[in-house]
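Only one chain comes next, encoded as structure tokens, the form predicted alone.
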């Protein structure tokens, strides 16, 4: 340290005190090593600053600095996952505003300023970033969108975006798409703010993912703190970078520990359990790179970058430009140039980052290059998050798999080539028949007969009675109704609305038999097992399951989860929490994905995501409607970490491709439907309905209470409130489910469906 005045020494002591405090933040307190002694010694020097001679003071500072540096080296030798989490949470950690000021040449914040912003936890800014090529500057315009934790600024809400904050982010994503400029996302959030106020936490995240799946501009994301769905709201990017001392996780270590330890609300979570969960979740940058959920790590100083680490900002600036270059170059059709440019960029990685690049790459894309960008994005996410097992098939089943692969070509020809030609020919026949004279009547009738022979009309929905099928009850079927095993108990139950509506006690055999689990007085729906829907909703014998060979696994090696998984498989005799199958409703063929409660509370992991995507693809190929019936879902499976989280953008992208192809996607919620699935591939459906008495939302009452500090009313997540907020489009009675579904299939959807 250079010779300084006593006042300068005082300022330096403040810096040393911050360094000791930072170490205490990382280690979870001053109990580690001699941190407490060091902190007290710095405080004592600051208090008695003018009682020392300049020489004595400098000697004391030199001694302290050496001891602090030794402690820093010891801490940096082996950082545990929980300590990396503590680094990210430190008030000395850099934030998005620091990045805007140090990595970009200029920026204009959009959507308001400071506490007067539309949700200050989310910042959108139009920014300029430059590159230097042989002493010449080139300017790039970008849209910067990210979370601002606002250390000490309570109105920032710790980077937890509210629904309207994510809506603001989406609005400026669309602006960037209109202007044709890349988007740089910066993720600094422990999670989204869990409220259902319009536009709704889950529903808005789902809308963001749905739109991001097809945004026609390059997108780069940088993760410092990535907490579950809150991170995914701006996380679907073409290139995903992560800070070397950041974390990206399905849930916080404390949240995972509370679930694993079954800690009651208000109870203290053991510190050792929190540390154990942090390790098991595989949340560090190194873990995520190995899992394939990120593309590259941006190196930080050993103990993480702080707000004054200008060397890190220089590196980050370079990496963001380089990543944008790579995304743009992959869309270029001139392979020789692409290979040359990427090679030069890879060489730059070994250099000291000095803001100099070998070549200049324009970030504007032609229409064909934008198409290729979307194609690459789709392939990228389909290849991610595959942490499941595939059971070996017997030879006979391999023949079935061969047929499934060839059927794609069959449907492409039937509905892609021949269907288009048949519609054109039909249009000509109609015009000739309507405008032609009687002389041509015989000719047109012959032509129509030939047309009907070559292009037979799709089979019309079967009607098993003379009644209008739209007015048929679920009980008006040609087979005996399936009765729930719950009806075997000889006892009575009291409706939860008995006091309000005067409901009489219900005899269980009647309730679960004749009444289908519905109170005849008030209409309250008692829960029913998923088998009831398989037997009563679809035509008899029409359910044919597929993708049964895909089963859940323990890809992170989460301790104790193998045994839990084994018990779930033995109890349900199924390999995952989702059932995908072909079925019919009054003759209409459709593809169905059903999340059910019996297997790990309907949570979604790698196997469930893969099966859902394959069901989407099957519906798209066969031109059939796609129904997602959610018997129950408890969210993303925490034991699969970010491999579970990544199913949110993966499945949403598959849904977007299915809907864009002209498909009809209907989501029906029942019982309890929460968290990640609702905030992604379910919440993005244009047609969402809830079975009466179902509960739909982003987080349960306990999470909301612990996060926001406020209680929510008992009916906060009820279907009627979801309808009032515009999150769903209707409420169905279980007894009318079959009828309403048939009506929806006949009246919704475009002409690309096979029966239209």
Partner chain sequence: MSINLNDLLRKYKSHPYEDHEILAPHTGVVKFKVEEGQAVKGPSGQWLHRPGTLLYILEREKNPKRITSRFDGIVTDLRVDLDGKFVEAGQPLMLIRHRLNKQEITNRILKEVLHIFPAPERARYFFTPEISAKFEKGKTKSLSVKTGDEIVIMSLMKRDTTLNYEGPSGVLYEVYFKNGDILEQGAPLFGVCLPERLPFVEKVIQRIKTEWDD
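These numbers were taken from a predicted model, which means no experiment stands behind them. Residue numbers count along the first chain shown, from 1.
Same protein, other form: the form predicted in complex with its partner chain, not shown, and the subject of what follows.
Asker: Is there a heavy atom of residue 709 lying 4.5 Å or less from a heavy atom of its partner chain in the predicted complex?
Answerer: Taking the distances in the predicted complex, the answer for residue 709 is no, it never comes within 4.5 Å of its partner chain.
Asker: According to a 4.5 angstroms non-hydrogen atom cut-off, is residue 570 in contact with its partner chain in the predicted complex?
Answerer: Flag for residue 570 set to no.
Asker: Is there a non-hydrogen atom of residue 154 within 4.5 angstroms of a non-hydrogen atom of its partner chain in the predicted complex?
Answerer: Looking in the predicted complex, residue contacts with its partner chain do not include residue 154, since no heavy atom lies within 4.5 Å.
Asker: I'd like to check something about residue 133: if you look in the predicted complex, is any of its heavy atoms closer than or equal to 4.5 Å to a heavy atom of its partner chain?
Answerer: Heavy-atom contact with its partner chain at 4.5 Å: absent for residue 133.
Asker: Exactly one stretch in 523-531, 618-626, 498-506, 223-231 has heavy atoms within 4.5 Å of its partner chain in the predicted complex; which is it?
Answerer: Careful reading of the contacts points to 498-506.
Asker: Among 542, 106, 368, 492, which has at least one heavy atom within 4.5 Å of its partner chain in the predicted complex?
Answerer: Answer to the contact question: 492.
Asker: Within 535-560, which residues come within 4.5 Å of its partner chain in the predicted complex, counting heavy atoms only?
Answerer: Heavy-atom contacts within 4.5 Å come from no residue here.
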